[in-house]
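Presented below, as structure tokens, is a lone chain in the form predicted alone.
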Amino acid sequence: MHVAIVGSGPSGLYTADAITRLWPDTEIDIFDRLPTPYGLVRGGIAPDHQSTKAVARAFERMLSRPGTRFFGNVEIGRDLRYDELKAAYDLVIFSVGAENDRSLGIPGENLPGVYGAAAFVGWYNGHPRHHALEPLLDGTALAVIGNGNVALDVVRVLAKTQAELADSDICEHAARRIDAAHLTDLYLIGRRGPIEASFTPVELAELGELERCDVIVDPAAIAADVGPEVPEKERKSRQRNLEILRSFGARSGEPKPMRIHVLFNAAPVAILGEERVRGLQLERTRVIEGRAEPTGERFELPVESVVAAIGYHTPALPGVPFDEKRGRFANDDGFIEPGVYAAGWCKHGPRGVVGTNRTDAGILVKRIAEDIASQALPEGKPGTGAVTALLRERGIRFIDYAAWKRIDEAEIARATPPKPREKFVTIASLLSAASVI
């Protein structure tokens, strides 16, 4: 088979691995609109979580496998059309993730000083789309709206000292700006209660290890038990979250210069200000059958910046069936149309951690195998040769695996240890490092 996978993040590479385990002789071409592979492993995982980023070593083995080719700096819909992919490959699998921030849908969200988490995280991770964000961090207070791991990442990175970030791969431009900030108070805000928070216990516990930052939690807001409504498979982690939060609330000692205020049952109503953010208005909520219901009681926080970490949606691609309501490709358990499938977040929305994609990939490839068994693939698809000819004809400077390795080696070489790499953050600098200019 000739297979095209669009997107070189965890879902795409785990899918490639599952395919080659089932059909070892498959020819796989992996496309990415960036010159670099690995998706969220490079641009989304927090820079101080180097152990999590180590999964890239396994992905590297997939990309260097004979029969697998990487086409970086190739955007579907710009450099290649959807119909051209379908004409060239027996299977086309989209694994483009969900890179666009969901809107808060409240007044004031377009004020200077308001950022989506994808953009903010992309800024400190050096994503070419977001590296020039230059967020306003000149105030003393910043609010992060969301109760998931991404929200934890944002407050933790902002609260760390330069010494604590020394062995991370945070980009130099972001490290300088964070070091120059005057933040003293960070607010971590959830619409629902602590039981419903989607933090993982390991990440939540990290807040308690910060050198210069206290974690402020109202012990009265933390239930003693998760209750019978929580599904059995989630009870252990959610109970552990409650224990960690209670431990934060019970701490004493000399105050530190920064504080993370963990607020639950507070829904954003409006972002206040005229020329920039000057405050955040919230409404207290109560949780009824898992939903945050407003109480009518409102209060304000004097913050100068807001980061919304409330989820993401997949951008539409020309010609690919799309579900506008759900913000992902229209699919039935991964099936889009004959010979075309979706994997990962563009299939089911943003959920899970990196490893979740491995399980999802196995399920998807099983579905593909069943479809192939019931209806044989048409023969005669040309695969790589046809697509390479189109790209060369159009003058597209695509990055192969060898060119990516030149970027990788250059980034490592320009870092000062213990920093593992200093990323190139523009398309031009990446292409230059790859020696394709």
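Counting begins at 1, following the sequence as shown. Treat the numbers as computed from the prediction; the structure is a model and nothing was measured.
The same protein also has a form predicted in complex with a small molecule, omitted here; what follows describes it.
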Checklist entry - Might V353 be said to contact the small molecule in the predicted complex, defining contact as any heavy atom within 4.5 Å? => result yes
Checklist entry - Is V306 close enough to touch the small molecule in the predicted complex, meaning at least one heavy atom pair within 4.5 Å? => result no
Checklist entry - Is there a non-hydrogen atom of V144 within 4.5 angstroms of a non-hydrogen atom of the small molecule in the predicted complex? => result no
Next on the checklist: Whether A4 contacts the small molecule in the predicted complex should be assessed with a 4.5 Å heavy atom distance threshold; does it?
Outcome noted: no
Checklist entry - Among G97, P135, G339, P268, which has any heavy atom within 4.5 Å of the small molecule in the predicted complex? => result G97
Checklist outcome for this item: Residue within 4.5 Å of the small molecule in the predicted complex by heavy atom, from E75, D167, E243, E234, is E75
Checklist outcome for this item: TL;DR on 392-400, 48-56, 365-373, 408-416: the one with heavy atoms within 4.5 Å of the small molecule in the predicted complex is 48-56
